[in-house]
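Shown next as structure tokens: one chain only, the form predicted on its own.
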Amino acid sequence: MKRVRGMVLWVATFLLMVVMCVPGLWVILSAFRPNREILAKPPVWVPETLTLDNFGKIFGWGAEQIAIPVGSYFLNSMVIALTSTVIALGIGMAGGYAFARFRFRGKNSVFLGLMLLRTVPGIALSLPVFMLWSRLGIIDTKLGLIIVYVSLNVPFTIWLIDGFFRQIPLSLSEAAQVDGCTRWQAFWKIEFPLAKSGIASAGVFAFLTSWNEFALASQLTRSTDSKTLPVGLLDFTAQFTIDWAGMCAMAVIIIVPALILTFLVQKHLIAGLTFGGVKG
């Protein structure tokens, strides 16, 4: 009976993974196919021809070009995502350490308030943020998006990093201070290395949130100077047609940096997600 149950669970998991992966695989394949093959009826499931022309067109290579500044969008996304992630991690480390190690008045209330802020969907903030940003004159700027993404990521990074610092015995830091370390040295030499997996996990999630976010970016950006890649996908739509091949090629460009980052930190990411899950 247990073996049958295990087989059923395996088959169900396999089918679920197929359902989750097929749309992504279809986008990747469509990025290397001509538009006529994507629009063919009945659908062409197995590609007849694979080409790099779609990438050449969006980057302005070759005879056929598309007047979409993909390079500028990519640079904007990278600057905004990296800057907001670094700032959110810095604040998250300071806040997470403070909540894990110190006692102060209103600690639980402040922590609960941060978590409640995280429950508010970003799209619900689009109108008030737009009105406020317009008064401050930072609509259609990288700075405006960076501030928004830092605000969105800080509660999550504080919550996640706080949990990891709580798992580290305070006695380790105290022993280091007894041996002559300052509190700052004890943090960097003892506690930070032990919590780096959790910090890496928080960084990956913060980066992906900023890199993939569309709703707020579409409201707060207008020009090439600040548009990100997800917003730039709308440039492939016209009144009566959609360039599916170009859109899929740009979607692959969005996917690749996220995959590379996840691959580079996968060791820390897996350790971070499982840290504290098994008790000795």
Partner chain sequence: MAEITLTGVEKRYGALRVVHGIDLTIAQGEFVVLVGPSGCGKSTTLRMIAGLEDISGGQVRIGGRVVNDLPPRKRNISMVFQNYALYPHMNVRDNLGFGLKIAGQTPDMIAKRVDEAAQILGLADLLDRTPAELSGGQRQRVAMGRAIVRHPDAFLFDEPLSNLDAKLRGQMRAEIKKLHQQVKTTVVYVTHDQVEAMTLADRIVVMRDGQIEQVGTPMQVFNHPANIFVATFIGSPPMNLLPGTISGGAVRLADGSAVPVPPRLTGRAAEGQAVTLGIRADDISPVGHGLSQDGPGAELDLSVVLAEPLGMESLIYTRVAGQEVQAKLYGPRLVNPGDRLTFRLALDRAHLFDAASGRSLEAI
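Nothing here was measured: the structure is a model prediction, and the numbers come from that model. Positions refer to the first chain, counted from 1.
Another form, the form predicted together with its partner chain, is not on view; read the next lines as being about it.
The partner is absent here; in the predicted complex, the one residue of V110, L117, I123, L172 having a heavy atom within 4.5 Å of its partner chain is L172. Site annotation in the predicted complex: the residue of L143, L194, L75, L82 reaching within 4.5 Å of its partner chain with a heavy atom is L194. Annotation: in the predicted complex, residues A176, C181 and K189 each come within 4.5 Å of its partner chain through at least one heavy atom. The stretch among 205-213, 94-102, 134-142, 164-172 whose residues place heavy atoms within 4.5 Å of its partner chain in the predicted complex is 164-172.
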